[in-house]
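Below, in structure tokens: the form predicted on its own, a single chain.
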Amino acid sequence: MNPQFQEKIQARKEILDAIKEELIDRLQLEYEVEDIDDDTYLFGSGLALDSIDAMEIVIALQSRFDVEVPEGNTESLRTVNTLADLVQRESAH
């Protein structure tokens, strides 16, 4: 496998794990990092988070990754993967 590709995969995994750690710590979820699938929905039938939790997620992303979540951008708050997409996209700017 291409070393550059492996680096990208590793970087993505680190972001995903950091997001999960932040969610667990900040929202006091009773999960371990490995218990949360990357595609688990944050709201509804997934982790069952609510609108107050959504505000905490935005604050967590701002403080941990120094990224701004555009107002009204609810698409980015669907899953851990969509949060990671946002972090990678905003960090590239």
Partner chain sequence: MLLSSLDKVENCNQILLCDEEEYRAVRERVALINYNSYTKLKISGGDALDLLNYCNLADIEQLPVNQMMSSFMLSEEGAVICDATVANFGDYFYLFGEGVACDKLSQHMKACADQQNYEVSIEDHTQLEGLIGVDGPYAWELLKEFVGMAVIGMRYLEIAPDTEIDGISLNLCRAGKSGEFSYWLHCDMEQFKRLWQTLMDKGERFDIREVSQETIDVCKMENRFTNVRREAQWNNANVLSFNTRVMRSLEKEDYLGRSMVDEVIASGLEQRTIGLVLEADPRDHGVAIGDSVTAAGETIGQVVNLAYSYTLNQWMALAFINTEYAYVGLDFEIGDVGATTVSCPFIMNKSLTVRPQEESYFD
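Numbering follows the first chain given and starts at 1. Remember, predicted model here, so these are calculated numbers, not experimental data.
The same protein has a further form, the form predicted in complex with its partner chain, not shown here; the description that follows concerns it.
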property: is_contact(residue 40, its partner chain) in the model of the complex, heavy atom dist at most 4.5 Å; result: yes
property: Contact label in the model of the complex: residue 69 to its partner chain, heavy atom within 4.5 Å; result: no
property: is_contact(residue 27, its partner chain) in the model of the complex, heavy atom dist at most 4.5 Å; result: no
property: Any non-hydrogen atom of residue 36 within 4.5 angstroms of its partner chain in the model of the complex; result: yes
property: Residues from 1-38 in contact with its partner chain (non-hydrogen atom within 4.5 Å) in the model of the complex; result: 1, 2, 5, 8, 9, 12, 13, 16, 30, 31, 34, 35, 36, 37, 38
